Each structure stands twice: as structure tokens, then as C-alpha cells.
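The chain below stands alone and is given as C-alpha cells, in the form predicted alone.
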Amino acid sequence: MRNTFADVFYEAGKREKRLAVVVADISPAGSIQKFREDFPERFVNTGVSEQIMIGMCAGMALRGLRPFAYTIATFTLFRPFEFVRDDLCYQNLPVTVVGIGGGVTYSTLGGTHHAMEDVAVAGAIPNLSIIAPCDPAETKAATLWCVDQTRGPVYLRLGKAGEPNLTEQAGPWEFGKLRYLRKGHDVCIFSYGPIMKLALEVASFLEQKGQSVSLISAHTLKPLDREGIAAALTQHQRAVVIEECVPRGGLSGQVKEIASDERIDCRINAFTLKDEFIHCYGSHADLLSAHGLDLQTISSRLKVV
């Protein structure tokens, strides 16, 4: 996903002369390196100065440029939070804040590099849209949308590298709308981001047990497609939310809220990161498993064996 973003951004930079990228102490590689070499006047590395990165993007936007702030997710939101809130969102500037490695992607780097609560934090800021693609194909569509959008600031939450394409058979990507990867009538599974791979495994497992399953990408977390979610809940007897985010402030709570507001009789099971820092050293999958986000744990809690 990271590489796809860089490739798409570089190609867009050839046609859109207002595109610029500001990074904070991250070594440019691949197409981001090519962007720096070919368009040096539109590339800035602020070093370990994330607040300056965001403030600089705000100034660029005010001068008519289309800046992207680009670094590890924890450092695009948490360190410069006040600047994201006041410089970008308060002024509703069309700046894209790109967070690489949302959730616990950077597993071996520890809690300081885990963006477990990024969706919750970003969702609380007025004017800030949130897009979390689930694979390289959605990353391409989301990046192209961000390049041309003028509605305001966006938090673009990406995985790191090596994610498979999961949406090749899905319909077109549309900002603010749910996207069905497959359609069924018994169970609907909502997910977003790289953990969609696990959601797909759960969907396949349920189908092996005789369930008809819909798999839905909620790639735009804000503004959320409330009508689409209500329709999905109405059309299925059971809903499952799988997300790589803390329990409060993410998708699962909003799905339950919609069900309550609309008085929809649908059983909902939510699987999120735990509300704790887990000191587990290992791969991304190891850390997800420690949080209970693995096929065995989920199937057991769904009482499907």
C-alpha cells in the first residue's frame, strides 16, 4: 500500500504541478525518492519536526498548493495533534495527512510506534475526513481522490507493504460509500484497512459452515455511510465488525449506534484491538493474535466450530 501510494502520487505529480509532499525524518524510497529527484522544489523533509511538517503544509495550502504530509502514522497525528487540529482542520484546508502503518503494523517497534487509536483521534476532530483503504487497489483510488479533492483535510490511513489485492472483483470505489467485496444474506462483515485480509478469512470460514456472507469495505470512516450500514444491517440477521483500532471511537461503536438509532434487529459482534498496551514482541500477525484478532479466536467467539 505504501508503494502504491508513492507510485500513484509520483505519476499525479507529473500532471498536477501544485502537488507537494512534506515528510518528517523518514527516508524517501521508491517513487517518493523519484518525486524528490524530479520535483525537488516540491519536496521537503523537516526532520524530527512533525509540528513544522503540518504547519508548513497549512501554509502551502493557503498559497494554492496541494500538500501531503507523509510519515509513520503515530507521527502524523499524535506528535503534531494541535497543529493538525488548529492549522488544518480549524481552517478546513485541503491537506492530506498520510499515516503509514496504522494500527499495530509496526509491531516490533513497540507501543510508541503503534497507532492503535488513530481512527478514534482523527474522528474526533471536526472537518477531518478519514479514508482507510484495505488493499493496493483501494489505495490507488483513494490517493487519486485526495489529489483532486477540495472539501478539506483528510487522514489517509495506509498499511506498510506487502498487502494483497482483495477488491479486484468489487464494484467501483466511491468516497463516502460502502463497497461490497462479496454479497450474501445471512451475515455481513464490516472491515477496513489491511485487516480486511483477516475479515476475508472469517468470511470464507463462515461460508464453509453454510453461511451466506457479505463482506463490506468501510474504507471511508468519516463521513461514514450511515444509510449503507443501516441497509446492510436490515438485510442480514447478523453483523460482524473487524477492525484494527481501540474499542472506543472506531467503526464498531458507530455500527451499534446506527442499529440502535434505526431500531434494527440485527445481532452485532465486534472484534477490535484491546483497550491496553500489549507488550508482545513479534510479527504484525503475532500482535494481532495477542489482541484476539485471529481466525481461531473470532470463530470461537462467534460460536462457529
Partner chain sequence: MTSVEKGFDTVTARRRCLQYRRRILEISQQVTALHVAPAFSCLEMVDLIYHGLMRPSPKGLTCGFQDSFLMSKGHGCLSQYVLLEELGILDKKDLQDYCTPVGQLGAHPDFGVPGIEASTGSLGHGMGIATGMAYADRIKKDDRHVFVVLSDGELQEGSTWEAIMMAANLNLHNLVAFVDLNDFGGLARMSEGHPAFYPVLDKIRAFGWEAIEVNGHDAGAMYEGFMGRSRKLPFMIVGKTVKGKGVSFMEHVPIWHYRSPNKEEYAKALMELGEDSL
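Residue numbers count along the first chain shown, from 1. In this text, all values refer to a predicted model and were calculated from it rather than measured experimentally.
Below, we turn to the form predicted in complex with the partner chain, even though it does not appear here.
The listed set Ser31, Asn269, Asn45, Gln254 contains one residue whose heavy atoms approach the partner chain in the predicted bound form to within 4.5 Å, identified as Asn45.
Considering the partner chain in the predicted bound form, the lone stretch of 109 to 117, 171 to 179, 206 to 214, 130 to 138 in range is 109 to 117 [heavy atom distance within 4.5 Å]. The closest non-hydrogen atom of Ile26 lies within 4.5 Å of the partner chain in the predicted bound form.
Contact between Phe75 and the partner chain in the predicted bound form is found at the 4.5 Å heavy atom cutoff.
Within 4.5 Å of any heavy atom of the partner chain in the predicted bound form lies no heavy atom of Arg63.
Asp286 belongs to the set of residues with a heavy atom inside 4.5 Å of the partner chain in the predicted bound form. Of all the residues from 279 to 298, those having a non-hydrogen atom no more than 4.5 Å from the partner chain in the predicted bound form are His279, Tyr281, Gly282, Asp286.
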